Ligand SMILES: Nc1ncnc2c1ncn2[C@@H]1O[C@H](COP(=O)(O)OP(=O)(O)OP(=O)(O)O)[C@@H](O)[C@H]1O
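The form predicted alone is given below as one chain in structure tokens.
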Amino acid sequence: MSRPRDIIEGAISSPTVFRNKDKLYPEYIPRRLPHREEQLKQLALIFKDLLLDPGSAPHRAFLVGGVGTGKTVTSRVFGGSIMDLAEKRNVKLRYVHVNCHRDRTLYSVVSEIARQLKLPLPTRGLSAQEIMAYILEYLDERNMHVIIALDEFDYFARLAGSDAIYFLVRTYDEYPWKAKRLNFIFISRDSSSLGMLDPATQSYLVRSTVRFPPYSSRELYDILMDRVAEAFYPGVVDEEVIRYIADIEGSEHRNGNARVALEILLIAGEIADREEAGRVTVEHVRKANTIVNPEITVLYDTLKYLPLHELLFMFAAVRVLREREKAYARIGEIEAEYRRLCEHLGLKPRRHTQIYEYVVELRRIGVIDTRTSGKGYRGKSTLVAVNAGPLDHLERKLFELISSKGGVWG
């Protein structure tokens, strides 16, 4: 029996597919932002006068889009870049990023702004209004400007209320003579939380809106390709694996969430390391997808209610995919395997039109995914994928269900 120290040392020294795993974490700021160039350009135009005529007017942008659509990373990349450009123009500019899910009160928000600005505050307790007054004085004394990004702003709006928002965004109403040094980026999943505000404040917030649509499969593929090059050793992640993850999470099939796509890639790599596989495979992605999207496990319960021939088609799909070790299989290959299974079980196979109806229904309930063949395939055909994994477990489950519905295996 191995000693605990030997076990731990062996695990630590085992080979890995990762070169820099941190490049897949949500906190990482990448060098490029594929398919967010237009949003960066919009932000640049909104804040253009902050560099050309600093202090003449407050600038603000409202970033809106679903989870994983690149709002936060785009704001951070923009903040870092515009600070560099400001320095070249001798404009003192700071970018401050506040997570309003963590700092959920007005006091917490202004305190975090002061902390990031390294503002020396008195030791006595101060109100939010007093801290803001110190911030304004601090910026004036140093002829400094700041862009404040309020992330998860919809969460702050619901909890802190309209008075807190009014205080933040209409600060200069009380100081019309001051240089306008506070500028804002409001980052929100949607604009519904603004309904509680008065029309003037709503208009102030959403006048310069930058929208972030969900990523398509093609766009996720480009993002994942960039991250694979940074995070993994060369040759350990095939192009098919990247395309498969992009297809799983792309807006055509799911939510177009880049964060989830990267998490699937990360966990697939960790599974490959645990299995000492030396490379990331499609089966590792299926296992990771079941972990990241636990609703997939509910599909196992759905299978119980499928008719016998739909189960046989699913069984055929799993067999073909396991044999090919690919993400997708042509519907013709699966249909041929289905007919072999029917012959083996002494059952009359359904016609092609009925098979296609099975495919439509199985996709509707989320048991399979489909796409049209493209690069790497001769001719045009429907391709079928089974995203839940591992496939060997799924195959055993289908075997049991087919047996329970009258399928007698020889």
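We number the residues from 1 along the sequence you see. All values derive from a computational prediction rather than experimental measurement.
What comes next is about the form predicted in complex with this ligand, which does not appear here.
For the candidate spot formed by Leu33, Val73 and Glu152, every residue has a non-hydrogen atom within 4.5 angstroms of this ligand in the predicted complex. Here is the short version: of Val320, Val169, Ile113, Leu262, the single residue with a heavy atom within 4.5 Å of this ligand in the predicted complex is Leu262.
Checking Ala44, Ile365, Val67, Leu347 against this ligand in the predicted complex, a heavy atom within 4.5 Å turns up for just one residue: Val67.
Only one of 105-113, 251-259, 169-177, 335-343 lies within 4.5 Å of this ligand in the predicted complex by heavy atoms, and it is 251-259. Using a 4.5 Å cutoff between non-hydrogen atoms, Phe313 does not count as a contact of this ligand in the predicted complex.
In the predicted complex, this ligand sits beyond 4.5 Å of every heavy atom of Tyr356. Mapping the unseen interface onto this chain, Tyr244 falls outside it, with no heavy atom inside 4.5 Å of this ligand in the predicted complex. Among residues of the shown chain, Phe186 is not one whose heavy atoms approach this ligand to within 4.5 Å in the predicted complex.
In the predicted complex, this ligand lies within 4.5 angstroms of at least one heavy atom of each of the following residues of 216-236: Ile223, Arg227, in sequence order.
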